[in-house]
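Consider the single chain below, provided in structure tokens and representing the form predicted on its own.
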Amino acid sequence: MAKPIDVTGEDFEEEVIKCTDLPVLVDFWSETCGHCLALNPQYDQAAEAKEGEVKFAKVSFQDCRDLFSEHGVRATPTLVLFKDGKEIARRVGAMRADDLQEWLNEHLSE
């Protein structure tokens, strides 16, 4: 069962930017955000469904405020899709697992 990995400022470069074998979806979230907490089980479900196709990561505002600034994240949750170290798509707000998978399919088929 694939689970999203927690990424910190120390390993963001290695886990996200330098990851070239799979696209990486990063959930920039906050522990105090209701929409983020609603997204968590949907994100986990999508991670399981897309295992082997997309790497799922989470960056906590409480732990990594500098990454939020560095990547221009101003609201939570913000989902940022990286491919070969470059941002290719961004979405703000919670979504259902099936909508998240459809969104990923749209952006990865381009």
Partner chain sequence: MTQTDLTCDLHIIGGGPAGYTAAIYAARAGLKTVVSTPAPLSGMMAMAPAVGNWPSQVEPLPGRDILERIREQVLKYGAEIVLESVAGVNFTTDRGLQVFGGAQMHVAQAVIVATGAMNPAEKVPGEEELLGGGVAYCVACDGPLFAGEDVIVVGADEHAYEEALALSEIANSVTVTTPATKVNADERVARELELPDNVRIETGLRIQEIVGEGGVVTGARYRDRDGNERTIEGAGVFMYLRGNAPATEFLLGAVDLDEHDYIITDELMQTSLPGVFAAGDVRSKVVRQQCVAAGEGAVAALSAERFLHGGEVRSDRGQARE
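All values reported here derive from a predicted model rather than from experimental measurement. Residue numbers count along the first chain shown, from 1.
The same protein also exists as the form predicted together with its partner chain; that form is not shown, yet it is the one meant from here on.
K.L.:
Considering non-hydrogen atoms and a 4.5 Å limit, which listed residue (92, 17, 88, 22) is close to its partner chain in the model of the complex?
P.N.:
Flagged contact: 92.
K.L.:
Wondering, does residue 68 line up within 4.5 Å of its partner chain in the model of the complex on heavy atoms?
P.N.:
Yes, contact at 4.5 Å.
K.L.:
Residue-level question: is residue 61 within 4.5 Å of its partner chain in the model of the complex, judged on heavy atoms?
P.N.:
Yes, residue 61 is a contact residue.
K.L.:
Could you tell me if residue 49 has a non-hydrogen atom within 4.5 Å of its partner chain in the model of the complex?
P.N.:
No, residue 49 is distant from the partner.
K.L.:
Would residue 56 sit within 4.5 Å of its partner chain in the model of the complex, counting heavy atoms only?
P.N.:
It does not: once its partner chain is placed as it appears in the model of the complex, residue 56 has no heavy atom within 4.5 Å of it.
K.L.:
If you apply a 4.5 angstroms heavy atom cut-off, which residues in 72-90 are near its partner chain in the model of the complex?
P.N.:
The stretch 72-90, when checked against its partner chain in the model of the complex, contributes 72, 73, 74, 75, 76 at the 4.5 Å heavy-atom cut-off.
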